[in-house]
Structures are given as structure tokens and as C-alpha cells.
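Shown below, as C-alpha cells, is a lone chain in the form predicted on its own; questions about how it binds or moves come after it.
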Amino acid sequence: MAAVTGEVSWFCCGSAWGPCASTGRGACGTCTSGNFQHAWPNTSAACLAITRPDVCGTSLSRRTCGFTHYTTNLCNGARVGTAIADCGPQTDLFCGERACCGSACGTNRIIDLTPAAYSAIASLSTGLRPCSVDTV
């Protein structure tokens, strides 16, 4: 998979952790806010039918539960490796949304990190950051 540029956001799952109350464990049944995990919009045909990144012009490879992606914050170069634990984000709800810091920009939400993973590359208070996502 070639690196894909877009936006990274964060979401809560599993046991209470930091700013998150207890919630569901995600589509894979393993998601926990305190682990380095993420949601990916193309974990299955059923997931892709919900998230629809293609509607925004974004093509993402099919990757299933446990697959590792590496997300780089384009604002500061910080990088984190995380495993797929859920389906998401629902990219089609945010078509054209753009996050920038200086000249570094990303358009369309392509990955949701758990709070633990997101806080490794950015402050949770930022909410969204431009990013690149790859597999190496």
C-alpha cells in the first residue's frame, strides 16, 4: 500500500481510559482506548458500505482486524504503529473536510486512532491532524 494522505481523528472504545467512558469493543471485539489501535474504513465489504471513502474520492486497501498501519502526524513528524480494531471513520460524512498546520494539509478522515495512540502523535485537544498512513 502506498502512503495515503488525509486526516486522523480519535475515538473511544472498550474500557474507560483518559477522557473516555466505557463503551463497545468495536467491530473486531478487541478495541480498548488505552491500546495503540485504530479504526479503518475498509475492514470488510459491510464496513466499506457504511464508511464509503470512495464517495470522497479516496481509495483505501482492504485490511482486516489486527493489521498494522503506521500513521504520521504531518504537523510534527511524530509516527505511531497501530492495529485495526474497528470499522471507521465514516469518511463520507466528512467529504472535503480539511485539517492544516502551516502548509501541511490533509483532506477527508481516513483513520481513527484510540486516545492512547493519538496522544502519542498529538494532543487530544487538537481533535484532527493532517496525516499520512502507510504499512511500513
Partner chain sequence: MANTMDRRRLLSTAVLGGAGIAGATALGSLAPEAAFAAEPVKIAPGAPDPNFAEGRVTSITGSVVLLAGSDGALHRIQVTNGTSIWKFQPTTFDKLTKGDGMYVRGVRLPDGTLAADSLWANIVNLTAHIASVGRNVLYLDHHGKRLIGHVVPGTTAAVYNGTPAISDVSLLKVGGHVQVIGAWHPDTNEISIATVYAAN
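The structure displayed is predicted, hence computed values, not measured ones. Rigid core (definition): largest C-alpha set, two forms, superposition within 1.5 Å. Residue numbers count along the first chain shown, from 1.
Beyond the structure shown, there is the form predicted together with its partner chain, which is absent from this document and is the topic of what follows.
- Its partner chain in the model of the complex is not approached by residue 28, whose heavy atoms all lie more than 4.5 angstroms from it.
- For the chain shown alone, residue 96 is a contact residue for its partner chain in the model of the complex, at least one non-hydrogen atom being within 4.5 angstroms.
- Mapping the unseen interface onto this chain, residue 127 counts among the residues with a heavy atom inside 4.5 Å of its partner chain in the model of the complex.
- Residue contact with its partner chain in the model of the complex: residue 43 places no heavy atom within 4.5 Å of it.
- Residues 109, 115, 116, 119, 120, 123, 124, 125, 126, 127, 128 are the ones in 104 to 136 with at least one heavy atom within 4.5 Å of its partner chain in the model of the complex, listed in sequence order.
- If you fit the rigid core between this form and the one not shown, you'll see the Cα of residue 15 move by 2 angstroms or more.
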